[in-house]
Each structure stands twice: as C-alpha cells, then as structure tokens.
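Given next, in structure tokens, is a single chain: the form predicted on its own.
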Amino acid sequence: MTREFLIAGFGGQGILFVGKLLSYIGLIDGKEVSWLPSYGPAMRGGTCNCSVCISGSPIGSPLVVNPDILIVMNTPSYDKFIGAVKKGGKAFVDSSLVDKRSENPDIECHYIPATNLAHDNEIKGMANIILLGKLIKETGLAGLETVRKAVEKSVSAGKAGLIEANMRAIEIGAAN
C-alpha cells in the first residue's frame, strides 16, 4: 500500500522538516520512501510544500498531485490543495491560521488550532509537529517508538535539546 502525503504552508513553518520526519518514519519501518521538497524563491515566508510517498513497493514518482493525506498550515495552501485530496483521504488543517472549512463529504478533515496550542504550551514553532501528532493518531501511521527514532534522526546534534519538545508536540497533537 502506498500513502501519498502533501505538506504545505509558508517557509519557516517547518514544512520540510515534517516531510523529513515522515520519511524517516517510513524508512525505520522498512518502507520505500520518497521526499520531494518545493519552495518559492524566498524560503522564509514564501510558499513551501513537500511531497512524501511511503510504500511497501517501489515508488513510481515522488511528485504528489492528489494526496491521500494533506497537512496544511496557511490559507493560500489550503485554497490550492484542499480540492486535490483523494476521495477517502484526510486533511489536517491548522485552524489557528486557516479559518475555512471544507464542504467535501468525501474527505475527512481535522481542524487543529496547532499554532495556538504551540504558543499556549510554550513550544512556539512546533505547530507543524502538533499537526503531525494528530495525523499519526488518526492514521495509525506509526508507533511512538518509531516516531521517537525518527525525531532523534531528524533533529540535528546541535539541537538535541529539542527532541523532548518535539515528542511533547506529538503528544499534544495526538490528544487534540
């Protein structure tokens, strides 16, 4: 089974980092993985998205046009990608920054005030990880041990102190 993910928002929101985490989760589980980042000319503040495929068999193309799962962190990205989610797919939306609601009955939407939750829990900048936590809970993508290994692999040695904050953000997302 192949799962296709699209993560989208502004540069600086950790879009590519979530894609990297998803990729490591797949690799740790022994899956085939592709990770394809895409960002505008002005990284921080410009548009940014990332395609990730996780599969039990070889992946034909790394580009995700119609995702099974969408994470969206701003209104322009919501407007651009919500209509592309496959029938039966799921969308995880940062409702702190996106005030729209999908009326498509063929997709399951989760609206999480991730930016507000990150601020309220003093883990500013981890709204992306809160959304990932919700995704993991709702999809059963991976167990907590696999997620921890992926976080440990993704966080640079210089920022190792952020491993626990990332795990806390995962738990907050899963609880919402």
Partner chain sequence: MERSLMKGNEALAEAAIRAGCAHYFGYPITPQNEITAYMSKRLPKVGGVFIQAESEIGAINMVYGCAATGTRCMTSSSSPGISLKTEGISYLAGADLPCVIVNVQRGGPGLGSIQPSQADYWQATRALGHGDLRIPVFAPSTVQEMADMTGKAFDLADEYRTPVMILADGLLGQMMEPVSFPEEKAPAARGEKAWAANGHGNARPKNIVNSLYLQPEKLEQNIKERFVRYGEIEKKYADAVSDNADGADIIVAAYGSTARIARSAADMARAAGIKTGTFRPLTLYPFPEKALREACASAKKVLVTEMSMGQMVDDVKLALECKLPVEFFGRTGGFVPAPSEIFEKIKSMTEV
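All values derive from a computational prediction rather than experimental measurement. Numbering follows the first chain given and starts at 1.
Another form exists, predicted together with its partner chain; not displayed. Remarks below refer to it.
- Heavy atoms of G140 never reach within 4.5 Å of its partner chain in the predicted bound form, leaving it off the interface.
- Its partner chain in the predicted bound form is not approached by F10, whose heavy atoms all lie more than 4.5 angstroms from it.
- Contact check for E108: no non-hydrogen atom falls within 4.5 Å of its partner chain in the predicted bound form.
- The closest non-hydrogen atom of V33 lies within 4.5 Å of its partner chain in the predicted bound form.
- Remark: of stretches 126-134, 140-148, 61-69, 109-117, the one touching its partner chain in the predicted bound form is 61-69 (heavy atom within 4.5 Å).
- Contact residues in stretch 102-126 (any heavy atom within 4.5 Å of its partner chain, taken in the predicted bound form) are absent; none meets the cut-off.
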